[in-house]
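In the block that follows, a single chain appears as structure tokens, in the form predicted alone.
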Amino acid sequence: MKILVCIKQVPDMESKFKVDESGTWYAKTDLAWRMNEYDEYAVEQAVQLKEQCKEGDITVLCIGSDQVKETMKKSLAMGCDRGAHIKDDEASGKEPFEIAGVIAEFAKDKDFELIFTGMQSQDRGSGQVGILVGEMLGIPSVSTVVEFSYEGGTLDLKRELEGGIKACVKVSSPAVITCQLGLNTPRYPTLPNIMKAKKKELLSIDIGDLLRVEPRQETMKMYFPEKKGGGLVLEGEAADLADQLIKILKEKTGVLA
């Protein structure tokens, strides 16, 4: 079984963010970096499936500068077999349609039975890439998966809907699965596996060799929301609340003379 896992390197969400000089993304200085949390579940599920089937070959793909190789090594230490680094120093400027186009172009002739992605990235949070990859490749895609079962090419899945409701979905491979928090418990790489990861293949491909689509959206501006004053909660009976509200409107706004 051939499996592709797509991951992204993102800043630690506890970092102190600043808007960069372009005003369209965050400044990348003084940030700690890690694997996107949703992608950890994707990697773990791929490795569990390989272990279940007693065979398999997992490729982990990541788009970005040479810096992302450190995050890819964690995936290799978790159990992925090889890495495909799509080199792009300007990856943060690519919108979801472009990212999906690059992944689909890489995967189109490699006969992957399953493609795992995180539900969304923690920095951009579009939740689009995995679904777009499925559409571009012409294969089924199932998003926000929280339960996963595989038997003989058939996937029995549960996906999270609004209000805590879950939908049961049955689909045949090949397919794209986007993984939600709680799908599994990602493993910590052991020291022996970390050492083995250093010897695994890590292929680098230039973004220009795979980017075949044009962007469909553009980030015009990024900014922190303006701070606003605290709200006022009124309590009591309806008649008393009405009197309080009228008094506030008279004193604070001048709406009622």
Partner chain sequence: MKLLLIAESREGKLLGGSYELMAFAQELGAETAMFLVGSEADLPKYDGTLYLADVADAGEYNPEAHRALILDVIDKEKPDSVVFCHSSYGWDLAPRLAYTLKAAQISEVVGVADGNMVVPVCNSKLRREVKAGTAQTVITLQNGAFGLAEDPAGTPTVEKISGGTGTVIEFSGFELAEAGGVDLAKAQVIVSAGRGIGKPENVALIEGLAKALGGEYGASRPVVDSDWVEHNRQVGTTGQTVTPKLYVACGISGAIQHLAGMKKSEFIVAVNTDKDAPIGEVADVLVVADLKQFVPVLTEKIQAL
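Only the largest set of C-alpha atoms that superpose within 1.5 Å between the two forms is called the rigid core. Remember, it's a predicted structure, so these values are computed and weren't measured experimentally. Positions refer to the first chain, counted from 1.
Another form exists, predicted in complex with the partner chain; not displayed. Remarks below refer to it.
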Select from the listed residues Glu105, Glu113, Asp123, Asp81 the one whose heavy atoms reach within 4.5 Å of the partner chain in the predicted complex. Asp123
Given that the partner is absent here, does Ile207 sit within 4.5 Å of the partner chain in the predicted complex, heavy atoms only? no
Do Glu160 and the partner chain come within 4.5 Å of each other in the predicted complex, heavy atoms counted? yes
Can you tell me whether Trp33 touches the partner chain? I mean in the predicted complex, with a 4.5 angstroms heavy atom cut-off. no
Hey, in the predicted complex, does Ile86 get a heavy atom within 4.5 angstroms of the partner chain? no
Have a look at 223-231, 193-201, 53-61, 66-74 and name the one stretch with heavy atoms inside 4.5 Å of the partner chain in the predicted complex. 223-231
Could you run down 113-142 and flag each residue that has a heavy atom within 4.5 Å of the partner chain in the predicted complex? Met119, Gln120, Gln122, Asp123, Arg124, Gly125, Ser126, Gly127, Gln128, Ile131, Leu132, Glu135, Met136, Pro140, Ser141, Val142
Comparing between this form and the one not shown on the rigid core: C-alpha of Gln244 shifted by 2 Å or more? yes
